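Just the one chain here, laid out as structure tokens, in the form predicted alone.
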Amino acid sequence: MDIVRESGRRVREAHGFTVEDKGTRENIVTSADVENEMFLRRELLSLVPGSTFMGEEGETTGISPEGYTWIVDPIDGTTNFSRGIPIVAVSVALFKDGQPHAGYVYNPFTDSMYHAVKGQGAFKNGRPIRVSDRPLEQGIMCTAWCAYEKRLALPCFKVSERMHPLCNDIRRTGSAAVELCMLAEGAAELYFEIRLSPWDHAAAMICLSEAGGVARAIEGDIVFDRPCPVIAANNGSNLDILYDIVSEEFDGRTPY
């Protein structure tokens, strides 16, 4: 947690960084992303000798079936960060023997630290958190419309169009890690993105699970070795309704 906080301080105090695209104008990286990932790689691998590292901005080794693997997004919400919008997160997950073990999600601009260890519950700034018990009609849904692959946007818009009259309202903040932690702490009740990479959701998904939330992909469980859809909710009933709509709009299959 100390390493993640120090990482967040570096993000918060970053100035004069450069901005480049990673193939499309929507998918950007800053020099702060790269520098922060280098810091996290060095510190986390030193913290757990023999562990491996999967990061958004560098070479990855995959998830080790034995031992420990870090899955890291140095700045989730890079576009927000580059524009001065304070909805970003440092996201660090630790996997043990190929399975989720611990997650840390820190927004340095609000000083909000979410963390969870498997079997020990989820916390925000040291206080236990839990998903809400709100029904669908009172629920807030967080989502996005696949900015990096806009060919997938139309069915995502259709999901939002169908969900909007069923739930209370919809949010799109620009950080998957932050939004999944909002679900974990009971500030939102539903979540959907058609394509997330493991570093986008791994740490927050551990927090969500330990907070009592539920999640799945279109064709089965959430995976962490490649991009996948993420459908999540505060309870099974709300998840089933959202899943059915997503599945119908995408013909029951992952579209990539």
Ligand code: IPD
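Keep in mind the model is a prediction, meaning the values are calculated, not measured. Position 1 is the first residue in the sequence shown; the rest follow in order.
Keep in mind that the form predicted together with the ligand is missing from the display, and what follows is about it.
Of these, 112 to 120, 144 to 152, 157 to 165, 129 to 137, which stretch puts a heavy atom within 4.5 angstroms of the ligand in the predicted bound form?
Among the listed stretches, the partner-contacting one is 144 to 152.
Looking at L190, L196, L40, A32, which is the one with a non-hydrogen atom within 4.5 Å of the ligand in the predicted bound form?
Of L190, L196, L40, A32, the residue with a heavy atom within 4.5 Å of the ligand in the predicted bound form is L196.
T78 near the ligand in the predicted bound form, any heavy atom under 4.5 Å?
T78 belongs to the contact set for the ligand.
Using the partner position in the predicted bound form, report whether L183 sits within 4.5 Å of the ligand, counting heavy atoms only.
So L183 does not count as contacting the ligand.
Although the ligand is absent from this view, report whether E56 comes within 4.5 Å of it in the predicted bound form, heavy atoms only.
Within the cut-off, so yes.
For V92, is any heavy atom within 4.5 Å of the ligand in the predicted bound form, or not?
So V92 does not count as contacting the ligand.
Along 161 to 193, which positions have a non-hydrogen atom within 4.5 Å of the ligand in the predicted bound form?
If the 4.5 Å heavy-atom criterion is applied to the ligand in the predicted bound form, 161 to 193 yields R172, G174, S175, A176, E193.
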